[in-house]
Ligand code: GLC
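Heads up, the chain below is alone and in the form predicted alone; it's given as structure tokens.
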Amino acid sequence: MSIDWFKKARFGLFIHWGIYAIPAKGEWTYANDPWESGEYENLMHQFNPVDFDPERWAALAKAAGMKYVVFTTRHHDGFCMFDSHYTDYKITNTPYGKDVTRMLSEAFRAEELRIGFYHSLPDWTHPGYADRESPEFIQHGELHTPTEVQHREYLELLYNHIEQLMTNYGKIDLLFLDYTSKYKANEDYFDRERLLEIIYRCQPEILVNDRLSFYKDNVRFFDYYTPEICVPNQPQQVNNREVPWETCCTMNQHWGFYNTDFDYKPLEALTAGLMGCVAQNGNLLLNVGPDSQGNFPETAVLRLNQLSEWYSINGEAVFGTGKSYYTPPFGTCYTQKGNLVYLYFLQQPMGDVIMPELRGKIKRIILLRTGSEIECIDHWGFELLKPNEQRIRPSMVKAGDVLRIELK
């Protein structure tokens, strides 16, 4: 397998979509809200996303600079967004009746984006799975104990689903498995080596994430690691070895569609998160939760279009870059590729900017948004600077701007 494409890509699209879009209260509504027996499962008979347009989704993602997609083939509610051979609880038994996973995969491949599948390890609807983070415990404080036969049947369903996804949908580049509960932290509940044997046998070049184990030390190394909703302060390490990683994050406050959640992060927060991840050799997987009709929320589309405009100007600071050798100045972060250092402004600077370690090393500085050259100040203001610090005057710079610093 090759991790190189993943390290260069830096930016991907996460899509949380399922029948939970109908109540429109997020992907955990089955666990968090009261439902009569069978009521939630019967939502599948209402699911008819006639507006689903995967070609448009793929075009939006590509324009925004995203290089891969990760799609929820099954979330914890057990509903399959693909044409499962092993359960009737699936998208092809809804009024819509089409395999949206296949449609999405083909559309994103056509735009030359890499294909990733999310698949839930827990299944809240199966008697062979029980956990304190399941609906029965959250709602009623009760927890059944699966029999050995039930647990084995549950695992076989999981294995069969994974094998089908790995064999029936073409080349799959990423598999995002989710998740090992903190209450099962000391158990190999899913027999990870058996599951990984199936995955790698069917897709030898695939990258599989780290969520088959709650603890990351003292188990096998995984292909990439997944901190969540944060920008780490340093490149991620496991057992003293730097590892590839990706943080996933929502645009608003929920993964699945939530019809009263209008708390969308501003563009500058999203670009800062992206650049912050790349500055520590990581990726950002940015989520959208489509509605029950198959539409991206209006504000999510707005943000993707804004990201498209930003990336069209500043994308060279993202794709193929990583952590810089140098220390960024106050209010900024750096990415680097060869002799090009990219300075991203987390905020509008108060005035001149003092760059550590770069005095005498700069050939030229360009503000990518305008193409204008930034002045290095060499005639005053050096009284209290360290000998290796360089003062620059980036007039007209605002939050979200990027300077390309070409080194000698």
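Numbering starts at 1 and follows the sequence shown. Keep in mind the model is a prediction, meaning the values are calculated, not measured.
From this point on, the text means the form predicted in complex with the named molecule, which you will not see here.
Participant: Answer for residue 153 alone: is it within 4.5 Å of the named molecule in the model of the complex, judged on heavy atom distances?
Facilitator: It does not: once the named molecule is placed as it appears in the model of the complex, residue 153 has no heavy atom within 4.5 Å of it.
Participant: Residue 114 versus the named molecule, in the model of the complex: is there a non-hydrogen atom within 4.5 Å?
Facilitator: Residue 114 lies outside the contact set for the named molecule.
Participant: Does at least one non-hydrogen atom of residue 223 fall within 4.5 angstroms of the named molecule in the model of the complex?
Facilitator: No, residue 223 is distant from the partner.
Participant: Does residue 296 reach the named molecule in the model of the complex if we count a contact as any heavy atom within 4.5 Å?
Facilitator: No, residue 296 sits far enough from the named molecule in the model of the complex that none of its heavy atoms falls within 4.5 Å.
Participant: Look at the candidate spot formed by 7, 67 and 205 and say whether the named molecule comes within 4.5 Å of a heavy atom in all three of them in the model of the complex.
Facilitator: No: none of 7, 67 and 205 comes within 4.5 Å of the named molecule in the model of the complex.
Participant: Where does the named molecule sit in the model of the complex: which of 172-180, 258-266, 333-341, 86-94, heavy atoms within 4.5 Å?
Facilitator: This holds for exactly one stretch, 172-180.
Participant: With the named molecule left out of view, which of 303, 192, 119, 211 would have a heavy atom within 4.5 Å of it in the model of the complex?
Facilitator: So the residue touching the named molecule in the model of the complex, by this definition, is 211.
Participant: What is the one choice in 100, 231, 248, 162 with a heavy atom within 4.5 Å of the named molecule in the model of the complex?
Facilitator: Only one listed residue qualifies here, and that residue is 248.
Participant: Listed by sequence position, which residues of 7-32 have a non-hydrogen atom within 4.5 angstroms of the named molecule in the model of the complex?
Facilitator: Stretch hits, in order: 14, 16, 27, 28.
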